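Read the single chain below, which is given as structure tokens and is the form predicted on its own.
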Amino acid sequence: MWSGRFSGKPDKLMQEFSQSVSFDQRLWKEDIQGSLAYAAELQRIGILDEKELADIKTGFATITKEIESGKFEWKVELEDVHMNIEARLTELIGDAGKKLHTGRSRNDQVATDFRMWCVNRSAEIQSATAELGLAITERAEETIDVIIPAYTHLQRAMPVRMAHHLLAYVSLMYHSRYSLPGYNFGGEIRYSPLGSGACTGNSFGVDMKRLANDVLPYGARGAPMLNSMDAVSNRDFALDLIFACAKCMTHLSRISEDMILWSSSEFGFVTLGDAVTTGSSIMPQKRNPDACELVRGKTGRVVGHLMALFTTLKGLPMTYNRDLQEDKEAVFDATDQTLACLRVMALVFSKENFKVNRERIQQQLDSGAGYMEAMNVADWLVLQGVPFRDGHDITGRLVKYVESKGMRFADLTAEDLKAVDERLKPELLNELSLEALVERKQVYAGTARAQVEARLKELKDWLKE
């Protein structure tokens, strides 16, 4: 490849050290797509004739079949996916293959291919977030009548519909999906570097706007990068994708933590199925939530890739530097792990693997632990004209009274209320149900049944877009 400039060959150790084809061969589809778009533009400006363009298309069709069938020979000495494919094309069709690189550098070629790959992978992750969201909405529909404790500081706070809690997870998937680069094909990722050459542009007058539209997938409207130097060295799109993956994985980790707690003997809200749990090598009674623990563990790995890429980019001078070869493995693994975790969590929330233990939940509520009815008292006092701060104090004294007597709120009598404060009237006793407190939240994001059902419909409609 470098025979015109160098008389010797790289040491074998150097070849192994510098090669990227072992991992960047994943870009082969995008490389062929970008090359076909560039070949068409070379034909339009007269560098290629119609027969040469036809030969290139035929050659790429052959290479596609070879790669898909596993017959393509990837050669380390050709360094990367781009040179491997170009060399094979030239071998198949001769001089037309040699003309394809006219005015193009591997710098803008790899930046284009990698950008296209990130768009395609982002679309896969968007789809996976929707699939997980839909699985969770199905469980939410089944649990709209189940009330569980909501926690702050991991202490019981207020009652909530399990459906509302589950829809919080769907909301996290909404945030994850929306932050992915290429969502609705807006943002920085739609810009194309193709035609920027090594760093200063193309010498043959290619139409970069036409190329941008040709290489962006799904018929979305693309645009050329504004500056050729930035175009070949910019990896913001890769940072954006890993950031979105790290954000999504953080969401999945939080969901996993809840499932680990909920499936413990101490909580017992749910039982996770055999398909997503394992046993112990020594304790035969164990059902370990391995799927959720692995998702929680892999989150650090993906966040680490984001930090690694930031560190790689932070000191690079303009324009392309070989350090940028390190961008791909970080993105490849981050997206692989995110996709796998999304799919595993969809399995966790499948009907077969997510069993709600209604009787155990009711037992927990009947115990009165946490005094979650307290907010009913404070809210009721406000409706009687008592300032909230005074109501807060009265309610706190009532909780102290109940706690000192070893009682539950459900055990209170009119005499107990009067003993704490004259403003606690007997009719308050009719307001001390958890269902009543849940139904008080008649606001857009609240826990009242009508509001939960409305948000459920909205989220399902969004997930099916």
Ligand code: ARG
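One-based numbering along the sequence shown. The model shown is predicted, which means the values in this text are computed figures rather than measured ones.
Another form exists, predicted in complex with the named molecule; not displayed. Remarks below refer to it.
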Looking at Q325, N288, N120, N357 here, can you tell me which has any non-hydrogen atom within 4.5 angstroms of the named molecule in the predicted bound form? Q325
Using heavy atoms only and a 4.5 Å cut-off, determine which of V110, A330, V206, V276 is in contact with the named molecule in the predicted bound form. V110
Answer yes if any heavy atom of D80 is within 4.5 Å of a heavy atom of the named molecule in the predicted bound form; otherwise answer no. yes
Is Q25 close enough to touch the named molecule in the predicted bound form, meaning at least one heavy atom pair within 4.5 Å? no
So, in the predicted bound form, is S20 in contact with the named molecule at a 4.5 angstroms heavy atom limit? yes
Hey, in the predicted bound form, does R210 get a heavy atom within 4.5 angstroms of the named molecule? no
Please determine, with the chain shown alone, which of 347-355, 255-263, 317-325, 164-172 has non-hydrogen atoms within 4.5 Å of the named molecule in the predicted bound form. 317-325
